[in-house]
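Have a look below at one chain only, the form predicted on its own, in structure tokens format.
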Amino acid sequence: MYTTKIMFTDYQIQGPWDEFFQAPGVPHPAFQAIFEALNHTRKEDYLALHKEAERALIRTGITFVVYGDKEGQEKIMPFDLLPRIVTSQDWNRLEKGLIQRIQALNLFLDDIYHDQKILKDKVIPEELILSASSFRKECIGLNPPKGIWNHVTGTDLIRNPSGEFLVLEDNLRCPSGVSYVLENRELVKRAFPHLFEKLSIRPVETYPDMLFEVLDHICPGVQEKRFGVLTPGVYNSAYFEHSFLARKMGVELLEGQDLVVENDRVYIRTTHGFEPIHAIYRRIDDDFLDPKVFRPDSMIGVPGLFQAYKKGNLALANAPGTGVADDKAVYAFVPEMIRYYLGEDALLNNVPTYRCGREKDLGYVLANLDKLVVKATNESGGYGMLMGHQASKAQRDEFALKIQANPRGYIAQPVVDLSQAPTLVGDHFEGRRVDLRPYVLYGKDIKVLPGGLTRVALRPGSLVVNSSQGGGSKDTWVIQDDQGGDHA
């Protein structure tokens, strides 16, 4: 009889931190109970469960679109059935660090759109902020409901070879992926019901309720509240998620053409006439939100929406203007923000970062392109990036010209050997690199969904986990009561 243990017989623990094993065939102490439970699953049964999970994804229709893909087709994000597991001790540290970070980022956003004290005190270079393409002059003096700017944040974390979690980047502009978190959990529950009966795994299915509570908290004071999710439409890469969240929250799924603004109030067009709406979770970038204020050629926005928001007749999550905190050059200063606004040291460290807009850093980056990861400051999804150690000399030379033409537009970081997790490849397990995107919601208080999206670099040796670059995902279990010791 074959068991899952035999599937791990040839599993290699390499240089990076391994999320499941501390030695060949020996799991981290906290995961011993899970390892033993999995040993009751025959190899053939495990492979059958994995194939059924893949079929369920296709039936459910959880898709995304890779922009620029030659086929232009919707794709299913590859899913690995073996979960990534986080101990309660690790999670408690992450949760505290993320709450601290979100507090500081919110104070930073409120400051730069009002008094700009952090710039006047020269903690952050003024030009760095004012030159950011995502800094919105239209938001200067803006007062979002309850003083909250960043209602939904997806913070990307990695673990280095010593086991320390580091913040790779912050995502405050419509961070996607939470629908995979919820659907992945359902798939794993169906596959391993006995594990959920035996173990204390913290739930994630409360996310839609948490998001609804955020909208309710920031909603203008009216008797009959109405909420919606604003989507760019069916051709957006994350449309499935927009419709998924609207359905789970029981709110309207809206496109720009569904809305009209009259007398600085926003209404939904219905067969019964115009009906008011009061809070919107928007999945449209600032540029396209309101053609009267931002890009005049936007066909997916709502004319007059921004003015209704400024007047306090509508709540938006996230607030316009939050994208400046996504800028990867601004990211380098988050530890300074935490010290400046909270008087504390950062509980979660950044990856060391070189700003090419600074002359000293630029020289170092250009001289060491073969050792660095270079990123465009205003891109996401793995686009605008050079993995210097894997690139050819011609690719590095070409990228050097881009950096020199626009130094402010790039940062560089040393190559971090991401942690690995056992991932099914064919009929056996191999180590694949992973990151973690927890979702942080800011309403009446700040809450972190216990788990998040574990993204997997499915290509052998790859450090790029983005779905648009061929990555997949895993369910993420936060164990309420660890069965053993801490492994961090």
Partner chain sequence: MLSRVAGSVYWLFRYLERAQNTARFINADFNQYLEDQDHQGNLWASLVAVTGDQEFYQEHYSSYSRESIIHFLTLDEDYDNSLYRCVVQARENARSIREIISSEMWEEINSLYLAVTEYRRNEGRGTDPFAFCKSVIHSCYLFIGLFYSTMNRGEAWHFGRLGMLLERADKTSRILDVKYFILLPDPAWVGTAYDNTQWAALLKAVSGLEMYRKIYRRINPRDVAEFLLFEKDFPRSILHCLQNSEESLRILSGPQKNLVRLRTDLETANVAEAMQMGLHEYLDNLQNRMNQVDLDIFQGFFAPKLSSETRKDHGYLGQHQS
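Numbering follows the first chain given and starts at 1. Fair warning: this is a prediction, and the values are worked out from it, not measured in the lab.
The protein also exists as the form predicted in complex with the partner chain; that form is not presented, and the subsequent description refers to it.
Partner proximity in the model of the complex, defined as non-hydrogen atoms within 4.5 angstroms of the partner chain, places exactly one of 166-174, 137-145, 123-131, 260-268 at the interface: 260-268. For the options F288, F79, F212, Y239, the residue carrying a heavy atom within 4.5 angstroms of the partner chain in the model of the complex is Y239. Proximity to the partner chain in the model of the complex, defined as a heavy atom within 4.5 Å, holds among L187, L348, L253, V204 only for L253.
Contact annotation: Y364 falls outside 4.5 Å of the partner chain in the model of the complex, judged by heavy atom distances. Taking the partner from elsewhere, Q395 is found to have every heavy atom lying beyond 4.5 Å of the partner chain in the model of the complex. The closest heavy atom approach of M299 to the partner chain in the model of the complex falls within 4.5 Å. For the chain shown alone, K96 is not a contact residue for the partner chain in the model of the complex, no non-hydrogen atom being within 4.5 angstroms. Looking at 202-239, the residues that come within 4.5 Å of the partner chain in the model of the complex, counting any heavy atom, are V234, Y235, Y239.
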